[in-house]
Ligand SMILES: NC(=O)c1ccc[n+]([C@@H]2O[C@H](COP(=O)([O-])OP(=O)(O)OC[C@H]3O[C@@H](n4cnc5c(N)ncnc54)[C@H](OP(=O)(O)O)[C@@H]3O)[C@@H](O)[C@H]2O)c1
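Form predicted alone, single chain, as structure tokens, below.
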């Protein structure tokens, strides 16, 4: 049995559809919206049924996880979920995959007694997730002189995802205006790029440097001399909404930042109204002199970043069930196979294009 929580959301619906299409096993769909989960279950191929579950109710959560081989969490917000569902899954002998979590959830779970034969994969979405995984295709067997990461587009934030976005600051998430150079973080070395044309992006965009912790790990793992990572926006509305909230609220707690979520949602809706929906992931690599030949660019284009994250969740679930991910607590970008993931994404109808060249 595969237990999937949050199946009525944009990420969860796609994850459930792909898990069912991959034939990974019967599905138990959980959420507070039982009618919505039941409707989805009835539309899926294979065996699926709906169960009401509230992540804040330990008894309901334990009952939901009981009997599952793996628990897949597509619900949020990340700052509330953290390692709660993972611990419930481990308690009944199940593995775990989560759309969010990042280092905060990984560290919280690692600090507890983790069964030696159990696996947990956090941040199995688009960013973080694919943003740290696909660039590894450019560094196979050869160190890079420079790696550039551009991820973003025009997508409508939900209130929950807006709060999560507001919380992505501080050393556990990344450092703005910063590059990775010669084995260390190089603060205040990059500036925003305004109205630039980048391959794959249909309009001129604004690229804001933000060296995520995922990008820092990527730099270490690939041995790249320099890594530049940018969040890409179609206008300055979202960067300004985020910056205004951070300036007004030095406190990084969710309760303090939550009132600013509406401004972030409105900015994303205005961008979507002006530019439509699109999402692009562009990675370019410059090999060191004398390095063996290989690809220098990965370009992925899609319409819906939330649905794309659902595909990644399903692929991570398949990898764990297949035994391709070792026991332990991991981040998706560090343990999923880049080649297998890219091949599956290339064939998925939600991906408009995926080129490795």
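Just so it is clear, the model here is predicted, and its values are computed rather than measured. Numbering follows the first chain given and starts at 1.
Keep in mind that the form predicted together with the ligand is missing from the display, and what follows is about it.
Comment: the ligand is not present in this chain, but in the predicted complex one of 119, 212, 178, 78 has a heavy atom within 4.5 Å of it, namely 78.
None of 224, 99, 166, 238 but one reaches within 4.5 angstroms of the ligand in the predicted complex through a heavy atom, and that residue is 99. Only one of 317-325, 293-301, 48-56, 63-71 places residue heavy atoms within 4.5 angstroms of the ligand in the predicted complex, namely 48-56.
Taken together, the three residues 152, 231 and 265 all stay farther than 4.5 Å from the ligand in the predicted complex, as judged by their closest heavy atom. Interface membership of residue 127, defined by any non-hydrogen atom within 4.5 Å of the ligand in the predicted complex, is confirmed.
Using a 4.5 angstroms threshold between heavy atoms, residue 32 counts as touching the ligand in the predicted complex. The ligand in the predicted complex comes within 4.5 Å of no heavy atom belonging to residue 284. Mapping the unseen interface onto this chain, residue 9 counts among the residues with a heavy atom inside 4.5 Å of the ligand in the predicted complex. Taking a 4.5 Å heavy atom cutoff to the ligand in the predicted complex, the contacting residues in 283-321 are 306, 309.
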